[in-house]
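A single chain, nothing else alongside it, follows as structure tokens in the form predicted on its own.
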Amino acid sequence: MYDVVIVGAGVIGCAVARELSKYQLSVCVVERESDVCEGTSKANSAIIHAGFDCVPGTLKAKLNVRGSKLLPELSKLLDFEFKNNGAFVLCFDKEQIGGLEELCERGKANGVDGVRVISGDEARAMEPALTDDVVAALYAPTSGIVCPFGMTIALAENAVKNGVEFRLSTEVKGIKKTDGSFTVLTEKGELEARIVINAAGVYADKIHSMVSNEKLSIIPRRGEYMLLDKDAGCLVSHTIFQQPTKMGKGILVTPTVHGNLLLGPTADDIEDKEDTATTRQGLDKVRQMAGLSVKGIPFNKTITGFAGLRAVGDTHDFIIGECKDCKGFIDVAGIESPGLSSAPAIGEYVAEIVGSIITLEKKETFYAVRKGITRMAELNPEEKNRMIARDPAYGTIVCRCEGITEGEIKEAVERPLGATTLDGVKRRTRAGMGRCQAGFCSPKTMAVIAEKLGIGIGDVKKNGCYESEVGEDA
């Protein structure tokens, strides 16, 4: 019998797991995919929003601002990439400047520091690549950028360090409520829990319907992106938004924490919860709309396009709380933007709900710090020599685009919740994320994975689980 079973190992499920690991609880995270961060958390804008566009008084507003304030210190504790780079929201029509002023007042009401409206000329003085069509901008200095998969993996590894169990490649097939507890039915057997937390992303409605007669509607909203090479990463230094619409915050142009340039996303409501294909129409829209904000975008330096799905609820707010007709079942659903920014605060909020159901006692020892994978490219010569002396594999470059070594790939596989696929290694080390998009480094990466997992090199997958269910109980 677990105290808590969390369904879903995206950034929200992992943030909740880490927060609950501070207490004397037995916690298990169940995830149908072979790794954490396989859904929305791996394909998004990687933005830490300041909180100026959330309606005051909503959960989004409260948790966005709190989460964004927690991120800088959390990134240091858990050793994942975060940068406070600030953001602009651009206005192209003088008659629409009032909309920026409304956003500014909303931000102030939400407690966002330093937000203000500036002229187009002031904005161009800070960002020379902005187009001449920009007549005004909202400036939000507390906005930031992050590595979303690095953040999710860090939260998960730290949760494991503090006693949380992860069951990967384990799909939930049903949930039964019994007297004072739940039976979670999975394809690998049953789990008993006092509390179940639904953090299943676009499938949160399906999990919810297993226990409740109340309707919960989650619509997948597909967003398509273009990622440009690091040669283009310095075109802008801030995150550049356009004035938002009812479908989202428009097409953005932003540097990434790793030095690339990211453009997108589109916003299309679809029916298929698995449809992450890019389209010619969508990517054409990204090109066209991004060009309204920033001039001289070198589209010929595009190295990949991708799409992610946002879990959009029908309440226009996060859906977080104990299910009215099923006590002990907590929904954490409809976590669209600014979900990534809000994740640490959502963890705190859900822990408070858990504490209203069962007694929480803090652990005497909680390991708040986690050290990430060695980043050889960032070390000075002396540090590199020490690492190579310890293990010569750190002296062998595997991914030339990103400067990733064999030692780093080995480390990615050997860690708690270690990588079992090419995508798992990529998200932990960036091997395969560079200009050639894994065209050269895949064979050697596959060889390392195969050796460490004791499988044939032909059995190594890009993603997904193996017949032997590697990583079932991490």
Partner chain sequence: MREFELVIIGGGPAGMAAAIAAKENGIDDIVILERDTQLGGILNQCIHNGFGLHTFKEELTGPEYAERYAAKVYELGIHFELGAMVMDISKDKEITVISRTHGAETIRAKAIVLAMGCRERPRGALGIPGFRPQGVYTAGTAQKLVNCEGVIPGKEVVILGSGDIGLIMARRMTLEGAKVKAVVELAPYSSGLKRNIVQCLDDYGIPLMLSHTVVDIKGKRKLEGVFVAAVDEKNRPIEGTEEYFPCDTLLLSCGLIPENELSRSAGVELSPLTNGPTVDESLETSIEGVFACGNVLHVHDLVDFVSEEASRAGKNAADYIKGKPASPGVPLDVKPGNGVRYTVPSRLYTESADDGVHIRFRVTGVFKGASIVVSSGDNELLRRKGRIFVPSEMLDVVVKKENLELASGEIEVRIEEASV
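Numbering follows the first chain given and starts at 1. All values derive from a computational prediction rather than experimental measurement.
Only in words, not in the display: the form predicted in complex with its partner chain, which the text now covers.
TODO: Tell me whether 101, 113 and 162, taken together, all sit within 4.5 Å of its partner chain in the predicted bound form, counting heavy atoms only.
DONE: Checked in the predicted bound form: no contact with its partner chain for any of the three.
Open item on the list: So its partner chain isn't shown here. In the predicted bound form, which residue out of 174, 395, 298, 355 has a non-hydrogen atom within 4.5 Å of it?
Closed with: Looking at the other structure, the residue within range turns out to be 395.
Task: Contact residue in the predicted bound form, chosen from 415, 435, 69, 62 - any heavy atom within 4.5 Å of its partner chain - done: Contact check passes for 435.
Open item on the list: Taking 4.5 angstroms as the heavy atom distance cut-off, pick the stretch from 118 to 126, 337 to 345, 387 to 395, 140 to 148 that is near its partner chain in the predicted bound form.
Closed with: Heavy atoms within 4.5 Å of its partner chain in the predicted bound form occur in 387 to 395.
Open item on the list: My question is simply whether residue 209 lines the interface with its partner chain in the predicted bound form - judged by any non-hydrogen atom within 4.5 Å.
Closed with: Heavy-atom contact with its partner chain at 4.5 Å: absent for residue 209.
Open item on the list: Does any part of residue 231 reach within 4.5 Å of its partner chain in the predicted bound form? Heavy atoms only, please.
Closed with: Yes, residue 231 is a contact residue.
Task: in the predicted bound form, residue 446 touching its partner chain (heavy atom, 4.5 Å) - done: Yes, contact at 4.5 Å.
- [ ] Decide whether residue 450 counts as a contact residue for its partner chain in the predicted bound form under a heavy atom distance cut-off of 4.5 Å.
- [x] Residue-level check for residue 450: no, no contact with its partner chain.
TODO: Note that its partner chain is not shown here; using its position in the predicted bound form, name the residues of 255 to 286 with a heavy atom within 4.5 Å of it, in sequence order.
DONE: Sequence-ordered list: 274, 275, 276, 277, 278, 279, 280, 283.
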